[in-house]
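A lone chain, given as structure tokens: the form predicted alone.
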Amino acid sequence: MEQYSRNTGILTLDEISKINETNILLIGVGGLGGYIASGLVRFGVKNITIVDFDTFEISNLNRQLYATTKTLGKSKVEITKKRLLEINPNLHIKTIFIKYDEFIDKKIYDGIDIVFDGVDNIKTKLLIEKHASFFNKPLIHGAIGGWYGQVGIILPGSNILKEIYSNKTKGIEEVLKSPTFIPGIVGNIMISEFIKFILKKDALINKILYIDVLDHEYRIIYQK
């Protein structure tokens, strides 16, 4: 328990135990997903399934937490697992090295409590929302691009991403890219919302928070 002692200023021991027992499905462990994975484990999550089909490449070095010159060309899920186990050797981590698409084995949702969206394209985000809703799992959504990001907790059946992305095929990340700082900012806000959701505090439930670090603007742009 000493490992989580610095979290106890805002959490009781019972609340830490509740976080310990939560089963997470994290889809995408690149820029955004790397910070999500690290934050979850450092906050006490012990059971996590990570899904990604990619390997580290040189362009990842500017922002992806586990990208180094030594990990280039290696599986993101396996390197992420290795690094997480260095934080806590007692984790239960399942890695799935596969592209998330319509043909994904839906058994990955078995026993899952919460799903995290760490992917970088709209098509996959919509598919994750569809599957999370079908399997009755809350989804913690995040998106990044340039100076900007968004975060929200999407409950089954709300179909928020389907609504806000209805006429879009490309996200702003394709144009504004992903500078060093934005994945960490948005990923850690996602972690804080996860904690609030688990503890039944005032979280961004069926809301989308817009984050503009250039002009210091944070506001709700969608709620249902």
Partner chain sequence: MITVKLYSSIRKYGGKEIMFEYRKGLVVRDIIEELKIPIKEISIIILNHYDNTTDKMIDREVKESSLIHLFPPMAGG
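Since we're looking at a predicted model, the values are computed, not measured. Numbering follows the first chain given and starts at 1.
Heads up, the form predicted in complex with its partner chain isn't pictured, but that's what we're talking about next.
Student: Of these, I154, V77, A143, L84, which has a heavy atom no more than 4.5 Å from its partner chain in the predicted complex?
Tutor: It is A143 that has a heavy atom within 4.5 Å of the partner.
Student: Evaluate L199 for contact with its partner chain in the predicted complex, applying a 4.5 angstroms cut-off between non-hydrogen atoms, and reply yes or no.
Tutor: L199: no contact with its partner chain in the predicted complex.
Student: Can you work out whether G171 and its partner chain are in contact in the predicted complex, taking contact to mean some heavy atom pair no more than 4.5 Å apart?
Tutor: The answer is yes: G171 has a heavy atom within 4.5 Å of its partner chain.
Student: Given that the partner is absent here, does N121 sit within 4.5 Å of its partner chain in the predicted complex, heavy atoms only?
Tutor: Looking in the predicted complex, residue contacts with its partner chain include N121, since a heavy atom lies within 4.5 Å.
Student: Using 4.5 Å between non-hydrogen atoms, is R6 touching its partner chain in the predicted complex?
Tutor: No - in the predicted complex, heavy atoms of R6 and its partner chain never come within 4.5 Å of each other.
Student: Partner absent here, but in the predicted complex, which of 66-74, 191-199, 28-36, 50-58 has residues with a heavy atom within 4.5 Å of its partner chain?
Tutor: Contact criterion met by 28-36 only.
Student: Do any residues of 196-224 have a non-hydrogen atom within 4.5 angstroms of its partner chain in the predicted complex? If so, which ones, in sequence order?
Tutor: The stretch 196-224, when checked against its partner chain in the predicted complex, contributes Y210, D212, D215, E217, R219, I220, I221, Y222, Q223 at the 4.5 Å heavy-atom cut-off.
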